[in-house]
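Presented as structure tokens, the chain that follows is alone, the form predicted on its own.
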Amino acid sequence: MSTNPWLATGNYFTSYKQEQATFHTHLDRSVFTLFLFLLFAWPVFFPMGNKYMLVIDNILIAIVAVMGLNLVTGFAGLISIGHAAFVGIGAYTVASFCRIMGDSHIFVTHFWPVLIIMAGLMGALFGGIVGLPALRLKHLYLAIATLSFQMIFQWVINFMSFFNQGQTIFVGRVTWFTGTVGRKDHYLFWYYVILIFVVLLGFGIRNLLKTKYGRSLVAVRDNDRAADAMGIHPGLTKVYAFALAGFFAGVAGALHAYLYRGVGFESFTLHESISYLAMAIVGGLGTLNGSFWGPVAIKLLDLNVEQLAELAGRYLPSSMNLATALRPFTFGLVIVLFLMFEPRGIANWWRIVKSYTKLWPFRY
């Protein structure tokens, strides 16, 4: 390692163990610890209303879902157009327990962490099943297979009476050590819960990519024939990638169900799948921090465009229907611009900023 453990201008690794360390310098560790502390502490010093906390909670849930999508699309190189269906699997796992046991059953309200993990495992199961065509299909054909799963999911939810034909299935309020979480503290409580899941799953991906199982995803993405020659089974690796993505999506769906205290069909449509894919593209495919930047950018874009449409609607005639046209236009424009001018996403901007701090003052 460098003689200066706080600020190193270059790489001084002498072993693979040093290279695979989560934090390479004391400065990296200190900055991350401070940032994590701020994430947990700011609601105490700067309390917000339920409206804004709901927006932040939605962003964090989208981060969990996009982390899973980035595993299968960014790191494994497989296009998935049905990711919202996997999120729906997790949400409707919680809804199924509410339908069978009741939305106020002790298992739903007291053992909710177990139910969230079970929803993730159910998402992983369906992810592995949907990933089975990857044993024989690739590229566009595999993308169509995931799209088919999205259509099948929508049909099942809409036409089965067990799922209330897509109408809302209510979920009871959860119980914590201090008692039942009331309406006043509901969004703040779930902010901390979702943030803990984001941190744990983020570290999980970071450590996974350092193992042979994570490296196999990248190897299959870059060249599946070369990976096969090195002893990696491309088909099983792709199925494993879909199962991992399904687990993350299932957890995100369960968190969504508890946050909204209900599950409805409209939150898991094809439009939501495209939104998740857009978040992964804008954030940066194949990067962990891109899974954070993308949801933040797209969610804030939607919020600002909605406010802009409301402002413009006051001065323009209602016949123009600006609110309906502006959101999809802006959404599509942003994706096209990123694909044309910054295909590596916002994560590439972050990489450039980090390189300046790593090489300063030697700018070469």
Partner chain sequence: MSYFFQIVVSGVVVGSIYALAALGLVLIYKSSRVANFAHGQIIAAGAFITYFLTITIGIPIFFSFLASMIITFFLAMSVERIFLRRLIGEPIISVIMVTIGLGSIIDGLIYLTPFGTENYSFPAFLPTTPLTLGGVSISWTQLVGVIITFILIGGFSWFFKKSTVGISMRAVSDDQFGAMSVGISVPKVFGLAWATAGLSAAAAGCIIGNITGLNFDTLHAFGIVVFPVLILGGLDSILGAVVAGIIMGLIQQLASGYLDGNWGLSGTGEVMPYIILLIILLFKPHGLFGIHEIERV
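The structure presented is a predicted model; accordingly, all values stated were derived computationally and were not measured. Positions refer to the first chain, counted from 1.
In what follows, reference is made to the form predicted together with its partner chain, a form of this protein that is not presented.
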Interface segment, criterion being heavy atoms within 4.5 Å of its partner chain in the model of the complex, picked from 167-175, 127-135, 205-213, 254-262:
127-135
Report yes if any heavy atom of residue 332 sits within 4.5 Å of a heavy atom of its partner chain in the model of the complex; otherwise report no.
yes
Using a 4.5 Å heavy atom cut-off, state whether residue 340 contacts its partner chain in the model of the complex.
yes
Please check if residue 269 has a heavy atom lying within 4.5 Å of any heavy atom of its partner chain in the model of the complex.
no
Residue 291: heavy atom within 4.5 Å of its partner chain in the model of the complex?
no
Report whether all of 140, 277 and 281 sit within 4.5 Å of its partner chain in the model of the complex, measuring from non-hydrogen atoms.
yes
Though its partner chain is not shown, can you say which of 199, 79, 188, 118 has a heavy atom within 4.5 Å of it in the model of the complex?
79
Could you tell me which one of 152, 195, 101, 232 places a heavy atom within 4.5 Å of its partner chain in the model of the complex?
152
Could you list which residues of 144-171 come within 4.5 Å of its partner chain in the model of the complex, counting heavy atoms only?
144, 145, 147, 148, 151, 152, 155, 159
